[in-house]
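One chain comes next, on its own, written as structure tokens: the form predicted on its own.
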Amino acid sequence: MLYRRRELDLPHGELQTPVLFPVRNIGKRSSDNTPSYVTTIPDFSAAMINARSIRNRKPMWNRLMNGVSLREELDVPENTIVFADSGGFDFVSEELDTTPADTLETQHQLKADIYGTVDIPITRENRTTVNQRRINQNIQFALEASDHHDCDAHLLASVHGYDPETIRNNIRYLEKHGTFDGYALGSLVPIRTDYKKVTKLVIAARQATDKHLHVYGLGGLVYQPLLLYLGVDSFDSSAFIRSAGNRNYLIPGFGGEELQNIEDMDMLPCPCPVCGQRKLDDIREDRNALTQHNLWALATELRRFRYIVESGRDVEHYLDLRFQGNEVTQRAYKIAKQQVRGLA
């Protein structure tokens, strides 16, 4: 097992890892509609934001430049840890409209604690030559960010690749030619159902560096225990929001369940503070409550894994049981286990 615990010393405080950064949709809308969680779920004192979206939302940006802090705009305490990515996922469908220096300046103005370098994801649809050009661009963007970075915020180089060798070589090249506090692995969301490939790419990144490793976009209920097992330090997810929008109820240890499939139940199966005292019909009609419950589900999954480790129990046996109900994830975990054991 590659699982590990560390502590990051960041401008707004210390952060224990491994940790999930819940994605906030501030900037994507005229106002952030992510329900409150920072003061109610102690596991999540952090947030992931899209620096580009905020910068391009002019009324919001003007407020921020005229004295309102980002954390006030998010309605969270000032010691909340913020990870600002470049908004690279937007560049799958939109033209690149920033530079490494401009993005760093935006992240600095937002007073983020962790910066992700500018990146353009690769996709299955693109030809190999297009993807290779994007991979090379991302390396160059990261090195330019390294040259301009001069503050206490942590700088993570965004890394993309279509095979383990490319991932390993890119990280080692960046480690040799730039200065980074860690690496953030991208372009995994489009291939998230290919667990075998994702697992190999993550292990390649973990092998290439002992520094902080973040995985973009894969912090959902199924991937979370896999990423913890593979030694990933942090991950982010908007699954709790998207699932709630589809009336999908996340259940720790199992996965998502559409509420319409369990509508005969009076009380829901989770006793979390959101739904423990409320009936299914109440939760179904309250999207914010469902979103908050889904975050509690992610927190429970994370706590459960930590408990297994801290109590000295057999993690691999726990994961054998955790994934036994799903043939696809069971096969993915089996592959991950073989690869991890092969590293010993």
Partner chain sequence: MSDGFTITDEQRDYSQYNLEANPFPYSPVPAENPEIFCGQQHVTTSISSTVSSVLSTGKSKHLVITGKYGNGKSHTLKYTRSLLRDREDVVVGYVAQPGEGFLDIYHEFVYDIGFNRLQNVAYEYLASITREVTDVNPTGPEAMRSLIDEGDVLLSEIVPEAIRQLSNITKFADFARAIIHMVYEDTNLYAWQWLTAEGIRYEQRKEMEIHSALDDDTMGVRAFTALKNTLLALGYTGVFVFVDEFESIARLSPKNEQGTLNSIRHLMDQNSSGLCMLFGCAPEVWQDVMSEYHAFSERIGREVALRPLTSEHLYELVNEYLDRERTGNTSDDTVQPFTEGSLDHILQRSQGNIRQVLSICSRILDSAVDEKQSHITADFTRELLIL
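Remember, it's a predicted structure, so these values are computed and weren't measured experimentally. Residue numbers count along the first chain shown, from 1.
One more form of this protein should be noted, the form predicted in complex with the partner chain, which is absent from this view; the next part is about it.
Between the options N261, N79, T128, T179, the residue in contact with the partner chain in the model of the complex by a heavy atom within 4.5 angstroms is T128. In terms of contact with the partner chain in the model of the complex, the residue from Q109, Q132, S238, N248 that brings a heavy atom within 4.5 Å is Q132.
Only one segment in the set 263 to 271, 238 to 246, 163 to 171, 115 to 123 has residues whose heavy atoms sit within 4.5 Å of the partner chain in the model of the complex; it is 163 to 171.
Among heavy atoms of V215, none comes within 4.5 Å of the partner chain in the model of the complex. Residue contact with the partner chain in the model of the complex: L228 places no heavy atom within 4.5 Å of it. In the model of the complex, I139 approaches the partner chain with a heavy atom inside 4.5 Å. Proximity of K200 to the partner chain in the model of the complex: non-hydrogen atoms within 4.5 Å are present.
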